[in-house]
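In structure tokens, the next block holds one chain alone, the form predicted alone.
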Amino acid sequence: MVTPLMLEKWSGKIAVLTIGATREDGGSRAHVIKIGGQQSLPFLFQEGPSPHRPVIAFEVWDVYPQDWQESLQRAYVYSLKDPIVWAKTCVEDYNEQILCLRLQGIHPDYGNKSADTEAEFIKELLKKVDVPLIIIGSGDDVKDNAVLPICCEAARGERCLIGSAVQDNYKTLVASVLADGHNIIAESPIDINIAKQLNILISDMGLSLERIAINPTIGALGYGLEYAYSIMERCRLAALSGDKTLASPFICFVGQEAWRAKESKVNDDRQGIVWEVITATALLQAGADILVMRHPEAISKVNSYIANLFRE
């Protein structure tokens, strides 16, 4: 006699977040990306539906990424010298469906670009590629607060995902996202309580919970991955149990973390790719909805992994 599987039934579900706006929606994107909507823990399809697959976004910088490892730079040949060409390479050569634009050039140590310069760059990028965009700052709070609102306005109507809002510095960005019709990334330092509180603070300003993606600030393999996994799992369990303030999809910056690990910097082209793949696949099992990655081969392998999980 075969013992039937014990199946959990959950009262809650993850919010569906839509990125990008087509012409019918008032934008110019060729398609939209939907994430979230799960009614079970990751890939337990018998317990509840998972209507939208996790997606991977190529990370593109507005400046040449001179501190990237040589093995990572070689993967893109010469396209890294021109961010427009870089973005088109990701879309046309690798069939990428969504891009993550990092405005690293606004950082004082990377060029200190002005808000007007970045706004013009975003307008040009939107003309050259027609996929939905994630737009994130440089990590310098002062410059990000000055530049991101102008960039939100430059991309008005395109329903981008803008980041990141943090607990001590979120009001300016939330106001801009509200005014220009975008979504927002809420960043918390691997802390479920801060993640919940930040979502509440953002929603109190009038932005619905369905327009928030949580960045739980993950670590790579060997650098806090298991702790990040446990925080993401606790968030997802709370959300599925009915806590709507934590029922936001996750975005994880895998490439950033995997390629800063010392193991990815050895004189071996393969090890960095493996580090990025293992970090990404582990986070998918924790509930990641968007993975921001860097190496094309690593992205291809993780896309195959996702397709295999959803093959039926």
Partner chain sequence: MRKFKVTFYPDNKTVEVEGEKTILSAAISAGIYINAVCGGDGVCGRCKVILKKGKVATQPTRHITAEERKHNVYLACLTEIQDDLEVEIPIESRLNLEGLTQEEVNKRMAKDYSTPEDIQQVEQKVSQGFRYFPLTRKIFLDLPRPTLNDNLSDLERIEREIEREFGITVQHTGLTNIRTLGEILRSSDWKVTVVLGGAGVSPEILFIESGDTSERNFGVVFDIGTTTVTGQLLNLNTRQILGTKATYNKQAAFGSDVITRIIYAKDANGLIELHDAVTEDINEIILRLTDEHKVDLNDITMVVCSGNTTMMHLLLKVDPTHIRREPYVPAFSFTSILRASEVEIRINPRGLLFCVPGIASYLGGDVTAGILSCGIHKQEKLNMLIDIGTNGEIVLGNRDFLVACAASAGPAFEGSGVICGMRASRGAVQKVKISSGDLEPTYQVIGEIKPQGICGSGYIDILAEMLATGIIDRNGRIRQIEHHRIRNGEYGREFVVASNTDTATGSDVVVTDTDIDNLKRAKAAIYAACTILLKHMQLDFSVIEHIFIGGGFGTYLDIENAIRIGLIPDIDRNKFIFVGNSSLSGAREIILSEEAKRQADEIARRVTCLELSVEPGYMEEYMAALFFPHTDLTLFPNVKI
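Residue numbers count along the first chain shown, from 1. Just so we're clear, the structure is a prediction, and the values are computed from it rather than from any experiment.
The protein also exists as the form predicted together with the partner chain; that form is not presented, and the subsequent description refers to it.
- Proximity of Asp191 to the partner chain in the model of the complex: non-hydrogen atoms within 4.5 Å are present.
- Residue contact check for Ala179: none of its heavy atoms lie within 4.5 Å of the partner chain in the model of the complex.
- Contact annotation for Val142: none of its heavy atoms lies within 4.5 Å of the partner chain in the model of the complex.
- The partner chain in the model of the complex comes within 4.5 Å of no heavy atom belonging to Asp109.
- The partner is absent here, but in the model of the complex a heavy atom of Lys171, alone among Lys171, Arg156, Lys81, Lys128, sits within 4.5 Å of the partner chain.
- Between the partner chain and the residues Leu201, Ala175, Val85, Ala146, the one pair within 4.5 Å by heavy atoms in the model of the complex involves Leu201.
- Only one of 179 to 187, 201 to 209, 221 to 229, 95 to 103 places residue heavy atoms within 4.5 angstroms of the partner chain in the model of the complex, namely 201 to 209.
- In the model of the complex, just one residue of 207 to 242 lies within 4.5 Å of the partner chain by at least one heavy atom: Arg234.
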